[in-house]
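Just the one chain here, the form predicted alone, laid out as structure tokens.
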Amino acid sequence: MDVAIVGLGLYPFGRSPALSGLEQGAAAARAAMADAGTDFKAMQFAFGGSQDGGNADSLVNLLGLTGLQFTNIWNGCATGGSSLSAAYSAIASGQYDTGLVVGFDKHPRGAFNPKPQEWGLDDWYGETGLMLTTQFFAMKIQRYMHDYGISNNTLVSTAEKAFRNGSITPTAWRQTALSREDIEHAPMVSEPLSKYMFCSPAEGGCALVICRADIAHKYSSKPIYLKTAVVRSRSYGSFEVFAPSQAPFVADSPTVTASRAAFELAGIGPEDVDVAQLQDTEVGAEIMHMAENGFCAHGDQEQWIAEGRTEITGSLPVNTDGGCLANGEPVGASGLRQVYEICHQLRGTADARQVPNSPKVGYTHVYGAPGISGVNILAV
């Protein structure tokens, strides 16, 4: 059974002190259902997730007590991708016709700094500072820069693109374009990553209405077809968040295995993708994920970014809405925001950030602790 996305809803990311996380999720869900011309009574199931904003299934108190199956999903920063993958399977299996996918969050200010015990780690791991994710990601990109010749100039260019794209995205949290000088001279957080090279924990919500492809035109004049939704976890030897040690060899990351599986299931290759959203917890993540998702060879990012290939007008636009850097990261909603943006690009409704030449195929990739990647391939 083919699957279509027919409703899009987003409560803008940032800070909303007057609203709870649940209320932001409910606002996004209502917007998605209105976009599809339907209501909560028509939803046969829902999958949703949040880290700090409350239990997603509690949304029924705000949306309606209809008795539907509502399943909470929690997979770190890959929560949104995992929720969509579960919903995709529910439709593709023939079990359901129509359903809701929703994510939201409301994080406190400051970097994510979870407790080691919650992730099966001993206290020493936190005492070294590696539970503070800024330190881990800085260490990872240091190694990558050394191994593949990536320069600091490329880090700066990636951040500059993110904030420039955010400045033309009405729903982005950070809507001020920053100059290279702003980024280069910003306070250092964790070498080599400065203040404007990291995303920030945030608030917000995002929701999608999905259905069987053969009934999609009942809800939308331009449905977007979800060709595949894949989630993979880490293998022994991959170098991931909260890994307490490194194996004597380096295995492929879960992003590599998820990407390969997604392309195989969709029957296309990286060269067929017109626009992409790649996880950019920080600028190094976007750079590394370009290669891990198969779009270029390791080290080629230096030339790609210098030539502007990932710009909105480039050969492979990446993070056209500014990504996590400009939008912030409410964990439960972040992966769904990526899909929301790609759907607007494929619909041709992205306004100032619209990719030219009517893109036909879009790609999203989300990555979360402790090494989980979700990949979606979408098409018109």
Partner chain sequence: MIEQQPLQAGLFSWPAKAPELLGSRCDNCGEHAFPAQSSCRHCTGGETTVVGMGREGRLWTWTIQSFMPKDPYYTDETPETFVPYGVGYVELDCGLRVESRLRENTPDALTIGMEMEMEIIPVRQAENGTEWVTFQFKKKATR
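Because the structure is predicted, anything quoted here is derived from the model rather than measured. Residue numbers count along the first chain shown, from 1.
Another form exists, predicted together with the partner chain; not displayed. Remarks below refer to it.
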property	result
Contacting member of 303, 176, 128, 151, with respect to the partner chain in the predicted complex [4.5 Å, heavy atom]	128
In the predicted complex, the one of 220, 233, 228, 142 near the partner chain [non-hydrogen atom within 4.5 angstroms]	142
Site test, 113, 138 and 245 vs the partner chain in the predicted complex, non-hydrogen atom cutoff 4.5 Å	yes
Partner contact for residue 188 in the predicted complex: the partner chain, 4.5 angstroms, heavy atom	yes
Contact label in the predicted complex: residue 296 to the partner chain, heavy atom within 4.5 Å	no
is_contact(residue 118, the partner chain) in the predicted complex, heavy atom dist at most 4.5 Å	no
Exercise: residue 96 in contact with the partner chain in the predicted complex, heavy atom 4.5 Å	no
Listed range touching the partner chain, judged in the predicted complex by heavy atoms within 4.5 Å, from 278-286, 255-263, 129-137, 166-174	129-137
